[in-house]
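We give structure tokens for two forms of one protein chain below, kept apart as structure 1 and structure 2.
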Structure 1
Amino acid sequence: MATVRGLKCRECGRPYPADPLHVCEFCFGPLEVDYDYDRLRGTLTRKAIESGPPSIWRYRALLPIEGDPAVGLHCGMTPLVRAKNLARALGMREVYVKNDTVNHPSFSFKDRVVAVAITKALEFDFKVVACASTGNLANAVAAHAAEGGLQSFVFMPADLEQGKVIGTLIYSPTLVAVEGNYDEVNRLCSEVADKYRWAFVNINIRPYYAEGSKTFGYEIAEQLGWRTPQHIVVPAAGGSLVIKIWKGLKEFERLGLLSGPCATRMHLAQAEGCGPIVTAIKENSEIIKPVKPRTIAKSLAIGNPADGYYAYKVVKGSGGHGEHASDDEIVEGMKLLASTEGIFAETAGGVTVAAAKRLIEQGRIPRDESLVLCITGNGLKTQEAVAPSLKVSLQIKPTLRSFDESMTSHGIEVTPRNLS
């Protein structure tokens, strides 16, 4: 069912055809996909969605593709975990973890956006896809391009961690290590996107790419039994995810798919070392002041967020708030999530848990209300962030006596098996 009318400028409302465009030629505002919701009302039902595949493509009527999905067929429908242990630790009654650490194929929420972007790139008949990335996006683009049989170029800062590089190179893209600072890499990629006829997923395909994030919100609502929680805490880099989760929830409300009105408060989580949107929220400033990122949460290290203003509006409009997390709190957040729920999240997950903890302590998230934490990437990708704070529990000789002595000296009490 083709429900896309075209693209529309988010600022001035000018319409554009559904082409690989991303900026309004008149006001330079961002373009976004415009749907014909009237065609969907009454035909897109809960039953129709529930009978779809167990992936993001069960929501394809609300995604900007014309034909069948071409890649990422197993992406999405990640677990929404009722996190009772974490709730107890946070002093909350009802906490859920939306767990995209296990998203397919590259273990982050970026698989959602890239599955849509590359399907769209194939529909546009692009032969080459590309991205500029510091990690998760690179992994997702290289993996999906391999699946779709497309040539891919991934631009990365030359000093990136080995784990991120290996997790991309394994899919055989052309990995371009750019020797320059962040701003220089950023500018170069914008110029490359301008010069070559490639599908640059987060530039000229961005309006389609960003729509994939709506599925994060759709799944939360469906997995909660077609209702929305009272609070959602979302990590922010460029600010797009919180906007699209909100858009997804409001679309479900508009189409009559929810049991009641969507009254969710959207809260934003950023690192102290790179938190320009949260700073703006705290200062009630609609203008986002760019910062130079200095944080271990590299996947959130966007100093000049393109969607910062719109993220600010969503958070303020929903009655939510924002909080920062220090590097130490990020590590503690990662450890808390792992030790209570068995979920190893990347640094962005630590930011989300730590910011939620602050918001709960401030009373902005009341302890008797429902909360969903958005956990967007897998901890195996950022092991270096927590490695210094973790150590082997016991170092012993290979004898039972050494083991017992070590247990005793560390105050570990266990009851031996009764051998009588």
Structure 2
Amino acid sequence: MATVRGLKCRECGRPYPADPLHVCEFCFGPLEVDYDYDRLRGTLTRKAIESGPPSIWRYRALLPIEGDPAVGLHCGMTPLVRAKNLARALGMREVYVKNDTVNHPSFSFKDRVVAVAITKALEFDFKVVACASTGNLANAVAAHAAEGGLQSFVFMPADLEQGKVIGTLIYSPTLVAVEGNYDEVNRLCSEVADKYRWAFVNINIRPYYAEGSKTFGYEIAEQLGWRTPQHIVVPAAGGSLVIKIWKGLKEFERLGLLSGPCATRMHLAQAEGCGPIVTAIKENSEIIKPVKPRTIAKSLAIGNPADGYYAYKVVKGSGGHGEHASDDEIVEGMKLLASTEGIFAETAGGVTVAAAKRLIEQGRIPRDESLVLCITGNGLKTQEAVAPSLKVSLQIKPTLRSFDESMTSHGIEVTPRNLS
């Protein structure tokens, strides 16, 4: 069933064909995919979705592709973990972790958006795909391009974590390390995109690419039994993820797929060293002031977020709020999630946990309400951030006596498991 009418400007509403375009030529507003929801109402049912593949493509009717998906057939449907231990640590009644640290194939939520983008690039008959990235997108583009048989060019800041550099190079792209921050990389890519006819997933393919993030929200609602939580905390770099999760939830509501109205409050999490959207939220200002990133959360280090204004509007419109996290809090957030739920998140996950902790302590997220934390990438990619705070507990000789003496000298006792 063809459900995509074309593109339309988010600002002036002017229609465009479903081509590789991303900016309105009249008002310079961003373009987004325009769906024919009337054709879906009554035909896209819970049963139809549940009978689909265990991947993002179970929501294919709400994604902007025309034929069969070309890549990412095992992407999505990641666990929604009932995080009872973390809830206890935070003093909350009901906490869930949407765990995209195990997303296929490159272990971040970016696999969702890139699976859609690469499929669309192949439909448009592009031969080369490219991106500007802070790491996770580079991994996903290189991996999915390899699967789709496309040549890929990946542009990233030269100082990114080795886990993300290696996690890109293994797929044999052309990796361009740029001596500058992400905003400078992105400006360069805009010039490259003007000269070369490539599918830049976060430029000319952006309207289609961004739609993949909706599946994050779809899965939360479906995995909660076709209901929405009272609160969701989302990490932000460019700001697109929170917008698309919200859009996905509202689409489900519009199509009658939810068990009740969507009353979720969307909260934004950013690092103190790069948090222009959260700053605007706190100041009640629609003006997103660019900053120079200074944070260990490099995957969120976008100082001039392209979708900052729209992310601000979603958070405010839903009744949510935003919070920053210091570098120390980011590390502690990563360790808390790992020690309570056995989930090793990258620095963005530490930002989410730390910001949520602040919001709970402020009373903005009541302790007796339901909360979903969006954990978007795997901690094996950012080991440098936590390595200095971790150490070997005991170093002993290979004897029982050495072990016993070391346990005693370090005051380590074995405590019974708390089953309450």
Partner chain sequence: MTKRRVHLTFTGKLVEEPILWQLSQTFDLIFNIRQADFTEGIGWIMAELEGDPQRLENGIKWLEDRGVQVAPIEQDVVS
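We call the rigid core whatever largest set of C-alpha positions still superposes within 1.5 Å between the two forms. Here, a residue number simply tells you its place in the sequence of structure 1, counted from 1. In this text the structure is predicted, and so the values were computed from the model without any measurement.
The form predicted on its own corresponds to structure 2, not structure 1. Once both forms are fitted on their rigid core, the CA atom of residue 181 lies 2 Å or more apart between structures 1 and 2.
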